[in-house]
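We've got the same protein chain twice here, in two forms, each standing alone as C-alpha cells: structure 1 and structure 2.
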Structure 1
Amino acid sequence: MQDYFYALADFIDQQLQNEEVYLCELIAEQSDFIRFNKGKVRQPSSVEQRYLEIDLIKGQRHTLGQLALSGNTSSDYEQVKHLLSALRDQLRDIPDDPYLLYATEVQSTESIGLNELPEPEDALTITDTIQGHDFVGLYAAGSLFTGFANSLGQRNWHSHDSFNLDWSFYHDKDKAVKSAYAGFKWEQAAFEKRITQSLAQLEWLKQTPRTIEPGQYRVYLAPTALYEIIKLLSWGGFGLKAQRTKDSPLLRMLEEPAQHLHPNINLIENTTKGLAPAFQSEGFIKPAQVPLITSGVYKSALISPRSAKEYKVETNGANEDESPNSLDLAPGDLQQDQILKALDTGIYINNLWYLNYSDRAACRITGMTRFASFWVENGEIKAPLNVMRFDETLYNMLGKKLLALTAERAFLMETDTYEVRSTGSTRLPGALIDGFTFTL
C-alpha cells in the first residue's frame, strides 16, 4: 500500500503545470467486521477501500477533489489525470484564500505498526466465551493506512493494525450491560476478565430496579461514562478558532482566572500513544504531546494551519476542525478494588448518552444515564437504577466536586465506521464525584 501510494504521488508530480503545487492524502483500510446478535455470528464481512484527496494550489488559490481508488495502477493514473484536469479548470475561477497555509519545510516520516491481530476465523470463537447469553455487538479489526505527499518532495506514512469489540449483554427493556475491548494484540485472558465483570453486573440487572428522587448524589463515573463528557468537550472545547470567536464551552477558564478544574486534572493530546497519524493534511507534523489542561488550568489550544494564519500564531498540527484525536487524562490514585468502598452510598454509572449543553457558556451539561447504573449502599450494590437525567457543570464534575480519579485507566477507541474506521482514541480513568445533580 505504501509503495502504491508513493507511486501515485510521483505520478502527480509529473502532471503539474505552470508553478502548480499539490498536497494529497490517502486514507485506506483493510478491515474485517463480525456482527453478533443473540450470542450468534450474524454477519461476517470484509472491506478494502482507498480514498485519495488532492489539493491543487497556485499562488493563494486552491481547490480540493477526492476520488475512490481501485488499486490498479493504470486505471488509477487515469482517474488522477481527470481529477487534476477538473481541479485546474475550477482553479481559474476561484478567488485567493487569505488563510491558506501549508508546510513548505520537507519533513518525511514513516510509522508502521506490527500486525498481531487474530485471523478472522479465530475471532469467530468470541461466541465460545459468552456462555449462551444474549450478546450483541460488533467486532472490527484490520489495517488502517494514512499517507501524505506533496510536490515539494515530502512523503509521510502511517499504518497500524487494531481491533475493537463493542458489545452489550442484553437483559430486558432498557437494561443491558455495555462494554468494549480494544487494542493492538488480542489477549484472551483480558477479554475473559471483561466478560466476567459484565456478567456479574448482568446478574444485578435482574433485580427489581429502583427509582430515586431527583437531587444531588455521590457518583462514580466509569471511564466509558466519563468518555461521553470528554467527547462533548471536544466539540469546540480545545480549538483556537472556538476560543477567538467566543464559542468554546471552556471560555470561562480562559477569561476568568479563578475558574479552573481540580488540580488533579491533567489532559493532553497524546499523539504518540494514540491511533492517529503524527501528520495532517497540510503536511505539518504534530508534536508528540500538546498539554491542554495542566493541574486544572487551561494550558494551550489545538491550532490548525488556517487558524494559525488568521490569528498570526504558530500551528501545532491540528486538523481543520481543531478537535483532538488522542486525548489522554492522567490517572489518580483510587484503586479499582476500592471504588465501591469509596463511593459508600451513591450511584455507580457505567454509561451516559444524549449529552448536550444546557448552558454552553457555563459548560453546563445535561444527559441521561444508560444501560447498567446501580444504587450502592455502604459500599455494596443493592439494585439497578431506572434511567435518570443529570444537569451539571464541568467545573463541578471535574472541579470542586471531584473526589478522586482511578489509578487504572481504559483505552477507548472510537467505534465510528462511517466511510472508514475511525483513528480516534481516548485514555481515561474513572471519576468519583460528590454532589452530582440529577433533575429527573
Structure 2
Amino acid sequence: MQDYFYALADFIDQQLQNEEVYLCELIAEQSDFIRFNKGKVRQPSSVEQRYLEIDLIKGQRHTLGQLALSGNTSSDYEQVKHLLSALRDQLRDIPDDPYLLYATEVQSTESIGLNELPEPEDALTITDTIQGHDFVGLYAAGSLFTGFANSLGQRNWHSHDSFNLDWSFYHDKDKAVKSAYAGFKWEQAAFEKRITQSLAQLEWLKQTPRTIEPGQYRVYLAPTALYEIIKLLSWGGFGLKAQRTKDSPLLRMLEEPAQHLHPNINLIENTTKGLAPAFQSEGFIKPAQVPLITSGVYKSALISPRSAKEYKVETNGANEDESPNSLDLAPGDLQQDQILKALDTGIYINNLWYLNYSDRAACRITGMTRFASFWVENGEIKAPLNVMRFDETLYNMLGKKLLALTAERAFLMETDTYEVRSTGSTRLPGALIDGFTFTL
C-alpha cells in the first residue's frame, strides 16, 4: 500500500501545471468485522477501502477533493487526472483563502507496524470460548494505513495492524457487563482471562437490582466511565477555534474570573504514546505532547494550521477539527484494592452512556449510567443499580468534588468504526467523586 501511495503521489507531481502545489492524504483499510449476538454470529464482513484527498493550491486559492480508489493503478490514475482537472476549474471561481497554511519544511516520516493478526475466520472461534453465554459485540481487525504527500517532496506513512473485540455479556434486559480485548497480537490466554473477569462481574448482576432516588451520591467512575466524560469534552473543549469563538465547554476556565479543576488534573495530548499518526493533512508534524490542563488550570489548546493563521499564533499540528486523538490524564494515588473502601457507601459506575451538555457554556453534562453499575455499602458491593440519569458540572466532577484518582490507569483503544476504524486512544485513571448529582 505504501508503494502504491508513493507512486500515486509521484503521478500527481507530474500532473501539476504552472505554479500549482498539492497536498494529499490517503486513508485506507483492509478490515474484517464479525458482529455477534446471543453468542452467535449475526453479520461477518470484509471491507477494503482507499480514500485519497487532494488539496490543490495556486497562490492563496485552494480547493479539496476526495476520491474512493480501487487499487488498480491505471483506473486510479485516470480518476486522479479527472479530479485534478475539476479542482483546477474550481480554482478559477473562488477567492483567496486568507487562512491557508501548509507545511513548507519537508519532514518525511515512516511508522510501520508488524502484522501478527490471525486469519479472519479464526476469530469465529470466539463463539467456542463464550459458549452458553449471552454474548453480543463486535470483532474488528485488519490493517489501517495513513499517508501524506505534497509537491515539496514530503512523504509520511503510518500503518498498523490491530484488532479490537468489544463485547457485553448480558444477564437480563439491560443488566450486562461490558469489556474489551484489543491489541496487535491475539493471545488466547489473555482473552480467556478477560472473559473470566467479565463473567465474574456478571454474577453480581444476577442479584435483585436497586433503584435509587434522585439526589447526590458518592461515586467511583471506572476509567471506562470517565472516558465518556473526556470524550464529550473533546467535542470542542480543547481546540483554539472553539475557545476563540466562545463555543468551548471549558469557557469558564478561560474567562475571568476563571474557574479551575482540581489541582490533581493534568491532561495532555500524548501523541507519542497513542496509536494515531503523528502527522496531519497539511503536512505538519505533531509535537510529542501538548499540555492541555496543568494542575487543574487551562494550559494550551490544540491549534490547526487554519486557526494558527486566523488567530496569528503557531500551529501545533492539530487536525482540522482540533480534537485530540491520544489524551492522557495523569494518575493519582488511590490503589486499585482500596477503591471500594474509599467509596464506602455510594455507586460504583463502570460505564456511562449518551452524554451531552445540558448547559454547554457552564460545562454542565447530562448522561446515563449503563452496564455494570453497583450500589456499594460500607465498602461492599450490595446490588446492581437500575440506570440513573446524572446532570453535573465538570467543575464539580473533576473540580471541588473530586476526592481521588487511581494510581492504575487503563489504556483504551477507541472502538469507533464510523466510515473508518478509529486510531484514537486514551489513557485514564478512575475517579472517586463526592456529591455527584442524579436527576432521573
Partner chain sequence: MKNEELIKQRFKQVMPQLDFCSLRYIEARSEALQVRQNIAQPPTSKHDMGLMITVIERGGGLGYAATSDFSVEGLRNAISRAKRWAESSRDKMITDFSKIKMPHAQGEYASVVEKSWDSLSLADKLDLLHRESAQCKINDKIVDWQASLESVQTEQLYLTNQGGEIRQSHDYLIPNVGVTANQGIETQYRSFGGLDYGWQGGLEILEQTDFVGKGHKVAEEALQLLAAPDCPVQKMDLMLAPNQMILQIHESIGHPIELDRILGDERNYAGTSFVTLDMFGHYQYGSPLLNVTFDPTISTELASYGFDDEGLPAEKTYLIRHGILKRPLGGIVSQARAGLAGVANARASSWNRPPIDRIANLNVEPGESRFEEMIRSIERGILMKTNLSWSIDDSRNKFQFGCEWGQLIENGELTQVVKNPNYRGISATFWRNLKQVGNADTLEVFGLLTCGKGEPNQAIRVGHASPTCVFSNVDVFGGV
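Source: prediction; values computed, not measured. Here, residue number means position along structure 1's sequence, counting from 1. Each form is matched to the other, and the largest set of C-alpha atoms that superpose within 1.5 Å is called the rigid core.
- The form predicted alone corresponds to structure 1, not structure 2.
- Once both forms are fitted on their core, a CA shift of 2 Å or more is seen for Ile126 between structures 1 and 2.
- After superposition on the rigid core, the Cα atom of Lys231 is displaced by less than 2 Å between structures 1 and 2.
- Core-superposed comparison between structures 1 and 2: the Cα of Gly379 travels less than 2 Å.
- In the core-aligned comparison between structures 1 and 2, the Cα atom of Ser46 sits 2.4 Å away from its counterpart.
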